[in-house]
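Take a look at this single chain, the form predicted on its own, given in structure tokens.
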Amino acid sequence: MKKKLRIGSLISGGGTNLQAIIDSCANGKIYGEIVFTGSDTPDVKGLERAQKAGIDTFVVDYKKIIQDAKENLNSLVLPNDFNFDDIKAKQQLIKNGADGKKIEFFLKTRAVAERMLLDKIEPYKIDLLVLAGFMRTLTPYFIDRVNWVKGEHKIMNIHPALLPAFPGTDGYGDTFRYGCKVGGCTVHFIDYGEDTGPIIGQRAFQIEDKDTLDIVKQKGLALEWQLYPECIQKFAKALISKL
């Protein structure tokens, strides 16, 4: 292939999905290369995985930004292109009628962190950004600056449930506690909502009566490591076909 997909990745923890993507790029299952791995948390295992593979890494410490803002919200230096009313109108993460100060705090602290992410990301000129266990929601401020061509999605995520069922952070746990006999995982594009973007692919597995939550998670992760690279390769083929 003349062109390889330029992939950026964001993580928050151990990076097992990141490793699956790294391996798939190395063995040719993905026509692409990961050009950076960023994290919202310092010193996580996923950064070590990336560094071992020769991938550039960086950290934007969300926790510190949030803590500093709790002490003095007015101390935040907001991006010059941040329009609070515009982002507030677009965002779908916090329901209408929620406490105004809560919305203000969330959107302003996110904008500061997301601008830092963008400053790190933009020089790489990526084709696709993959969230590989990135545990921070993204606001319209960030999304619109990555999906800069209207109608084109460039941010991909993997979710531990068969969407649209069980959005949120604990998909396998929610699936298990509800008593479902089928679990699964979903790869989807990011939009303004919580796990509401267009679905790219899904994999399902049976949940047996004897299965514990740990077993459900193990079954799900095994499928995630297969599904995510397949969906990235699907994106790569589609992009290459346009060239």
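The structure presented is a predicted model; accordingly, all values stated were derived computationally and were not measured. Numbering starts at 1 and follows the sequence shown.
Below, we refer to the form predicted in complex with a small molecule, which is not included among the displayed structures.
Only one segment in the set 110-118, 74-82, 142-150, 129-137 has any non-hydrogen atom within 4.5 angstroms of the small molecule in the predicted complex, and it is 129-137. Using a 4.5 Å cutoff between non-hydrogen atoms, Pro164 does not count as a contact of the small molecule in the predicted complex. Contact annotation for Thr16: at least one heavy atom lies within 4.5 Å of the small molecule in the predicted complex. Using a 4.5 angstroms threshold between heavy atoms, Gln92 stays clear of the small molecule in the predicted complex. Among residues of the shown chain, Ile158 is one whose heavy atoms approach the small molecule to within 4.5 Å in the predicted complex.
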